[in-house]
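Here we start with a single chain on its own, the form predicted alone, put down as C-alpha cells.
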Amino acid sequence: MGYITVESLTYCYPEQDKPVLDDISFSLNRGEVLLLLGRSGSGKSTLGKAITGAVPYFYGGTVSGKVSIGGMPIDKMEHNRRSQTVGMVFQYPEKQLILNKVHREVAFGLENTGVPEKTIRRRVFEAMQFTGITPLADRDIDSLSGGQKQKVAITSALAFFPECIVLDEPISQLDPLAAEEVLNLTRKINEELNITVILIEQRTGKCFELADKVAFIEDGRLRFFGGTHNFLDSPEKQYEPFLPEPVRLFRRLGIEHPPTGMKKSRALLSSIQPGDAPVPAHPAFRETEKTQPVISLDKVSCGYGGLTVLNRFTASIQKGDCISLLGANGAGKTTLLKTLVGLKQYQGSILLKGMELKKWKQKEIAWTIGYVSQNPDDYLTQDTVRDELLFTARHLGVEEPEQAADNILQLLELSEYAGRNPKDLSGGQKQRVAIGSALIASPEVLILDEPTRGIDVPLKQTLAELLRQLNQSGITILLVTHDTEFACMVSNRFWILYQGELLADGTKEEVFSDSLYYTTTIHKLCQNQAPGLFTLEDALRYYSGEEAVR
C-alpha cells in the first residue's frame, strides 16, 4: 500500500448532480512527485482539495470513497493533525495571504492550530531560511512581486513541516525566472525534506523533469496514472497538448522516446534535415492604422506611496495593434494597465482618442476600454454566469442586455455554464466569464492582465483564435503575459518593461531574436539551425512542411 491512497473517490459540489470526481483510485509512494494534468474544469484542483480534506469538510457536497495518508483515512484525522500532515498552496497566492507582514503570514497558520509560541518562532525562521525569503521577513505583503508572494505562500505551508504539499498552478502567473525559482524550490522541498509533492500545472515545460508520476484527469475520471516516461511515450492524442513543446515537435516528426531536456533535444534536432517548406510568415494581422494613436503616453510616472513604479513611460498604441507586454514580476506591467483604465493617478500625459484621460469619466472609459484584471474572481459577484454578464451590461447601459449576454455566452463557449454559479467554475472558465464582462459593451480597446493564467493549452489556443478575431474586427488589444508562446500566437508588437521603463518595442523578430531571456522555447531549441522559428507551427512547417494541429 502506498503512502497516499485514493480509493473509488467520487465527489459532487453542493446542489450539483454531476460528479466533479468520478471513481478516482491511485496510490502514491512517500517522497514522490506527482504531476497532475488535465483540461480546465477536469477536477484537478478538486482532487488536490480532497487530498487535504478541504473537500468536503470546507466546501460541503457529497463524497464517497476514501483518501488515506500514511494508512490513516483523512476523515478520521483531527483538523490540527490533518493541517500538519498535508498542506495546499492555492492557485492565487494573493487570496490566501491574510496578514500585512511576511513573518506574520508565515506564523499565522501555526498560531491557529495551537503550536507553542517558542516552536512557532523557530519554525518560521527555519522555513524562511529554507525557501530563501528571510530578507523579506519585515516586508509588507502588498509590496511583494507575484513570485515573492508565491514563495511566501509555499513557506507558510512548509512551516507546518508537512509530509505532503499540494501546489495548485504555482507558476501560472510568474515570469520565466520566478517560475524557474519556484520549480527549483519545489525540487529542493521534495529531495531534501522527502516531502511528497502533488503538482498541478498547465505550464508543463520543465515539470516533467521534476515528476516521478503523472496523472491525467478527464471529465472527473482518471484516464492515466503511471511513470513520467510512460506518459510521454503514450500515443493517446488527448495527452499531446500537455507535453513540453520539444516533445510535441519530435512526436509529430515521428521520433519515438524523445528527450525532455533542452540540451538533449537540441542535439537530436541538429540531426534532422528541414523540409522544403519556407519559414512561414506570422498569421495575418489587421494592419494598424497609422493615424492618431488610440492611446498615447508621454512621460507617465506613478507608483505606490514613495515607490515609483512607472518612470516617465512614453509609448503609443495605434488602432488595430495587438501588443504583448512582457517583463519581470514587479516591472510595472499591471500598474500600467490600471493607469490606462483610470484606476491610478499619474504624472505626465495620457491621451485616449486625443483627449487627456483625466478628463474622461470612469463610465466613459469603461465603454471605450474593456479591462480584465489578473484575478477573474474580482468580477464574480452574481449567482450565475449569465447574471454576471447582465449585471455589467445593465450597469454600463448596453442596449438589449439580454441579447448581448447571450451573444457573449455563445462567443466564449460558455452557454452550457450560463446557469452555474461562477464561483464553482474552473480557473479557465472564470477567465472567460471575466473576458465576457469586458466585451459586453463592445469596447474599442481590450486590456488583459495575464489572460492565460490557469487555462490549459487547448483553451489557450481557443483564446488566441478569439483574440485574433477580435483584433481583425477592429479591437485594439494590449495584454500582459509571461507566456511568450501565446504572445507570438496573437500579437504583432511586443513591449518589454524593466523597472517601469520601456526597454524594447518591436516585432517578435526584433524583440525575441536577440534576447537571452524573453523568447520562446521553440526559438531556444531551433535558433542555431533556423533562427526565424518561434512557435510549434513554425517548426513543424519548417521541418516537415505540415501544419500543427491546434
Partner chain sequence: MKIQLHILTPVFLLVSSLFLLFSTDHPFVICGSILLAVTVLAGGKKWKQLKQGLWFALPMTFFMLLFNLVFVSSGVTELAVVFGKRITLESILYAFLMGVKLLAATYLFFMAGSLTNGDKAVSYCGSKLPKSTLTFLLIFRLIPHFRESFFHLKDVYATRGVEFENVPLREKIKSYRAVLAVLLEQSLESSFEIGEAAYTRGFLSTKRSVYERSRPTWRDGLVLTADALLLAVYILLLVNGSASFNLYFGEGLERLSNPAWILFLLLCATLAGCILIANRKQRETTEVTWDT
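C-alpha atoms forming the largest set that superposes within 1.5 Å between two forms make up the rigid core. Positions refer to the first chain, counted from 1. For clarity, every value in this text was computed on a predicted model and none was experimentally measured.
Omitted here: the form predicted in complex with its partner chain. The next part is about that form.
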What stretch, of 226-234, 91-99, 261-269, 475-483, brings heavy atoms to within 4.5 Å of its partner chain in the model of the complex? 91-99
Can we say 216, 504 and 512 each have a non-hydrogen atom within 4.5 Å of its partner chain in the model of the complex? no
In the model of the complex, residue 58 touching its partner chain (heavy atom, 4.5 Å): yes
Is residue 114 close enough to touch its partner chain in the model of the complex, meaning at least one heavy atom pair within 4.5 Å? yes
State yes or no: in the model of the complex, is some non-hydrogen atom of residue 110 no more than 4.5 angstroms from a non-hydrogen atom of its partner chain? yes
Give a yes/no on whether residue 492 approaches its partner chain to within 4.5 Å in the model of the complex, heavy atoms considered. no
So which of 143, 129, 403, 442 reaches within 4.5 angstroms of its partner chain in the model of the complex, heavy atom to heavy atom? 129
In the model of the complex, the residue from 240, 377, 424, 181 with a non-hydrogen atom within 4.5 Å of its partner chain is 377
Let me know which residues along 43-80 have a heavy atom within 4.5 Å of its partner chain in the model of the complex, or say none if there are none. 49, 52, 53, 54, 57, 58, 59, 79, 80
Hey, does residue 98 budge by 2 Å or more at the Cα between the shown form and the other one once the core is superposed? no
Does residue 383 move its CA by 2 angstroms or more between the shown form and the other one when the core is aligned? yes
Core-aligned, is the CA shift for residue 345 between the shown form and the other one 2 angstroms or more? yes
